[in-house]
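Only one chain comes next, encoded as structure tokens, the form predicted alone.
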Amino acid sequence: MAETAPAYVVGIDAGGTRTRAVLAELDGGRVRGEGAAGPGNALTVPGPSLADHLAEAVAHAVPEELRGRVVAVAGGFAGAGHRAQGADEPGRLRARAALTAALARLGVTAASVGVHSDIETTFAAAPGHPADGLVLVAGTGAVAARIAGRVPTATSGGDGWLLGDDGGGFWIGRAAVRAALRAADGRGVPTALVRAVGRDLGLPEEVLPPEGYGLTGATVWSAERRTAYRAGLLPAVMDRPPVRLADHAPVVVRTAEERDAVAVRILQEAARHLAETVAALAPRPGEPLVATGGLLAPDGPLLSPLTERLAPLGLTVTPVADGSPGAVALARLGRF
């Protein structure tokens, strides 16, 4: 008797920086393929570009000869609402349209295609794929939610770069640029972030402060160079989309590791904001808190300080690398 060809599912984690797709066997077997592409935020990435990124990630994950065996697809999208908000929620509509177009382009005709918020897939990524608890996503933005029956029932934060997302990558990057500008005009204290941010933005070496500025009190930065620095920094920032301020978050982490007081303070403040975001959901002692995003994934720079701040709440913090395992789990559940 011939063996039945295995069926497959695809899980997609579409975040503000990257889109990741994973091919796995339907019966719970091993991962068979992975692919990555550009950002997948359903509200900020134009529809055609979103479809391109989804198609690229899925194409890398799913060999052409296996595409006809994909029976279920589930994607978790930054910028998309959750199921309880209805199918006509704008982010969900845009995500579904782009995902449908991407799958059609690749010839994937799965019977089940699920669109979820990144909150839902992140929570489902925890070991055992729990159905109830708390989740915190801190990458470019920051949002927390209470999950019941795999559906968010309350959220905290997630208001976007303009109005909120306190403690996320955008918030951290903006704080770094603000600190650099204030150091340059005398409103703030010297900090090594001045050099780090200036180099990030391609400013010429002759306008940057000397090495050691902010780390040793003896380093002098002339008034002329300060003025030239501000004159170069402001247009360099304004010429890019505002959300690109999140690009500076990694230099804050590196500068904090060098014990720069301003960078350390920014990260401490970010951890405080994230803890407040979780606390707003009235956690119960012993509840699981699934955490992910570039700041909170395993070994993320804010995982340890956040865990310390949340210790009085008695939560069980579980970091996950991203939401793709959760998307795979939801794809399998959607198949039945």
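If you superpose the two forms and keep the largest set of C-alpha atoms that fall within 1.5 Å, you have the rigid core. Being a predicted model, the structure only gives us computed values, none of them experimental. Counting begins at 1, following the sequence as shown.
Heads up, the form predicted in complex with a further copy of the same chain isn't pictured, but that's what we're talking about next.
For the candidate spot formed by 198, 299 and 322, no residue has a non-hydrogen atom within 4.5 angstroms of a further copy of the same chain in the predicted bound form. Although the partner is absent from this view, residue 242 contacts a further copy of the same chain in the predicted bound form, with a non-hydrogen atom inside 4.5 angstroms. In the predicted bound form, no heavy atom of residue 31 sits within 4.5 Å of a further copy of the same chain.
a further copy of the same chain is not shown here, but in the predicted bound form it comes within 4.5 Å of a heavy atom of residue 181. Put simply, residue 260 is far from a further copy of the same chain in the predicted bound form: not one heavy atom of it is within 4.5 Å. Proximity to a further copy of the same chain in the predicted bound form, defined as a heavy atom within 4.5 Å, singles out one entry of 72, 256, 237, 208, which is 237.
Only one of 56-64, 290-298, 40-48, 276-284 lies within 4.5 Å of a further copy of the same chain in the predicted bound form by heavy atoms, and it is 276-284. Residues from 169-188 that approach a further copy of the same chain in the predicted bound form with a non-hydrogen atom closer than or equal to 4.5 Å are 170, 174, 177, 178, 181, 182, 185, 187, in the order they occur in the chain. Once the rigid core is used as the reference frame, the Cα position of residue 126 differs between this form and the one not shown by less than 2 Å. Relative to the superposed core, residue 197 undergoes a C-alpha shift of no less than 2 Å between this form and the one not shown. Once the cores line up, the CA of residue 113 ends up less than 2 angstroms apart between this form and the one not shown.
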